[in-house]
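Form predicted alone, single chain, as structure tokens, below.
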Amino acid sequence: MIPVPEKRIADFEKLGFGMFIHYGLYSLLGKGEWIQCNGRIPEEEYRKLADKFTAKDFDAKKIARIAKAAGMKYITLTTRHHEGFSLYDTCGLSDYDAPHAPMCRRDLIREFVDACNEEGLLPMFYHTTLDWHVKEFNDDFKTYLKYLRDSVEVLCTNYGKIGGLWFDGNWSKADADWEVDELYATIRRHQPDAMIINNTGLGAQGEIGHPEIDSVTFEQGRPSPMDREGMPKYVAAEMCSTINDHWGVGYGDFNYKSLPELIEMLCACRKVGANCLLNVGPTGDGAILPIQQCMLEEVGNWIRTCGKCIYTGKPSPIKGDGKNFALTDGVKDYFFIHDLGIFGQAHVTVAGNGEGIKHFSGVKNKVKSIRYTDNGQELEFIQKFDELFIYAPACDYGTNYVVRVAEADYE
């Protein structure tokens, strides 16, 4: 038997698409979020970056508008990454934070939460559990865990209602007692409706790990279907991915995913009911790079044109051939059709023409009509018992939707 999801988890699943933001002192160096470790920068040298941290172009309202235009429903921001520098007022726990940085003097998390609330987006807090800055992490782990819990309590009590906490770093000490019962109890005490997520990393994708976890993670990997049969609790799933190869900004990283890759990645996540959390790495001054903003806007255009059903659609038992699949909202089924290409004169058409009959099995209801969601074009089809054969035309010259969606009405 599959358990019924708690409301916060059901609501989280409906969000579908979110923005991940990695921003910190490492952004000033432009070589990724692990530069302190990978570059073997001494702590006393690295912490001097706080004196240069201005965040002068960190515009939370603009970032929220970019996310909204991309069709994203929530944002997960690094309140503190592994370097130990916080973007929030730690209220006396440390002076290694944005409000104490002499050229910043701002609580960026306050600005972030306010901007999300204004735009109707759910604010989520990433928070590291490992820390390269605090010596107690290695010398007195129990004392460090108290500092971690106190830091999380600040986030849970000073910013109003939040969407959840997204932890990362327990994999750094796989055999240690992280006292997660106490950590998660702190969250439940102050934010009972918050999602609790703890990233299991590249090596343990999809693992749950603790009964309080509300969503598993798939870091940089396509999510697999969740087998919730017999689970004591319904758990959601979320894939997080970089837009190139780094979480923090990498000025020399030109290996961007293509726009079709991003569209297909979002579709692959929703196929199995997982959320897609797509990362951007702001510049050292806090601005979203133009290329990243433009790519997000185009994903948003695809959602508005073809894929509004990604929010309400759930995985369907209907099976398609190849990459094709279906979602259902309980009233309609939505058929996601890949690689149709475009129709046009042979001398100018390079994308090819993949139109033809697309086969889906497991269609239990009697189909009355099928149409493309982008232009309302009625499609021809034949249904034989639970087998459905849809004639799917290619995109007209001047368009190429990468993944085209057709919706079916039933008798």
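Residue positions are given as counts along the sequence shown, with the first one as 1. Because the structure is predicted, anything quoted here is derived from the model rather than measured.
Keep in mind that the form predicted together with a small molecule is not shown, yet the notes after this line are about it.
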Contact stretch among 254 to 262, 164 to 172, 268 to 276, 285 to 293 - heavy atom within 4.5 Å of the small molecule in the predicted bound form: 164 to 172
Ser27, Asp59 and Leu108 each touching the small molecule in the predicted bound form (heavy atom, 4.5 Å): no
Proximity of Asn199 to the small molecule in the predicted bound form, heavy atoms at 4.5 Å: yes
Close approach of Asp339 to the small molecule in the predicted bound form, 4.5 Å, heavy atom: no
Glu119, heavy atom within 4.5 angstroms of the small molecule in the predicted bound form: no
Touches the small molecule in the predicted bound form: Phe20 (any heavy atom, 4.5 Å): yes
Of Glu212, Asp89, Glu219, Glu153, the one that lies within 4.5 Å of the small molecule in the predicted bound form (heavy atoms): Glu219
Partner-contacting position among Tyr74, Phe137, Trp247, Tyr334 - heavy atom within 4.5 Å of the small molecule in the predicted bound form: Trp247
